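Starting off, we have a lone chain in the form predicted alone, written out as structure tokens.
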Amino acid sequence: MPSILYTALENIVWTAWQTSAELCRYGLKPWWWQVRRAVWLAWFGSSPNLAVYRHLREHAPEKVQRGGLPDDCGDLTYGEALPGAAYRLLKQMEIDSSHTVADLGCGRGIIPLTAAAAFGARSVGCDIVREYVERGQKAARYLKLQDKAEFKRLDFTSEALPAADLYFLSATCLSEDSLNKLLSRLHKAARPGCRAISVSQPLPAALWQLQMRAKVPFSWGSAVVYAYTKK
């Protein structure tokens, strides 16, 4: 079996297993069903990989190989938190309706949608892929949370970040250059006392106080998550 097909099969089995575990834990919580349903409806007929492919075809056609995605999508590699994992992280960070959560590289928007649906927090999902933003807005409409969950197209390596009480960084597949640019923008946007969650990549100890380090399941497998407070 080609390695790419084997990897895809592994991801399907892993996600199904994690979803079953979440069903047992959160199956009686309305927000869990609502978020999953809204995302499914918003993405019906498409997929994150197709969204990335269309983005590359428009903005970097030289990277598209034989009508498909390159072997390495770099900063645009798809992967996301599952709703239950997103909920646990947000709960550990003591998010409530008085807070704003910004997800930098939001993908399908699981973090901002869960923050709004489960905690009543204001949330902003930011991504450079236009289709992620458009379908995230669609999911927010299905949830009737347009006033809580906002999605905006943003290149976080070169544009100012939105104000927030908690920043979520999907840093697993970011290049060193992109990560450094993002951290520079984050340093300017985050005020002292602000919190941040970084997936796979630690933040500079001189600027951020580590509060928690844990292994968390994501769509592709488990990853180390670092939680910080800005000094």
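Quick note: we count residues from 1 along the sequence shown, nothing fancier. Please read these numbers as outputs of a predicted model, since none were measured by experiment.
The form predicted in complex with a small molecule is left out here; the points below concern that form.
> Would residue 136 count as touching the small molecule in the predicted complex under a 4.5 Å heavy atom rule?
Replying inline: Heavy-atom contact with the small molecule at 4.5 Å: absent for residue 136.
>> Residue-level contact is defined here as any heavy atom of the residue lying within 4.5 Å of the small molecule in the predicted complex; does residue 156 satisfy this criterion?
In response: Answer yes; at least one heavy atom of residue 156 falls within 4.5 Å of the small molecule in the predicted complex.
> Using 4.5 Å between non-hydrogen atoms, is residue 80 touching the small molecule in the predicted complex?
Replying inline: Output for residue 80 is yes: heavy atoms within 4.5 Å of the small molecule.
> Is residue 198 close to the small molecule in the predicted complex, meaning a heavy atom pair under 4.5 Å apart or at it?
Replying inline: No, residue 198 is distant from the partner.
>> If contact means a heavy atom within 4.5 Å, which one of 187-195, 29-37, 164-172, 202-210 is the stretch that engages the small molecule in the predicted complex?
In response: In short, 164-172.
> Which residue among 95, 145, 85, 129 has a heavy atom within 4.5 angstroms of the small molecule in the predicted complex?
Replying inline: For this set of options, the contacting one is 129.
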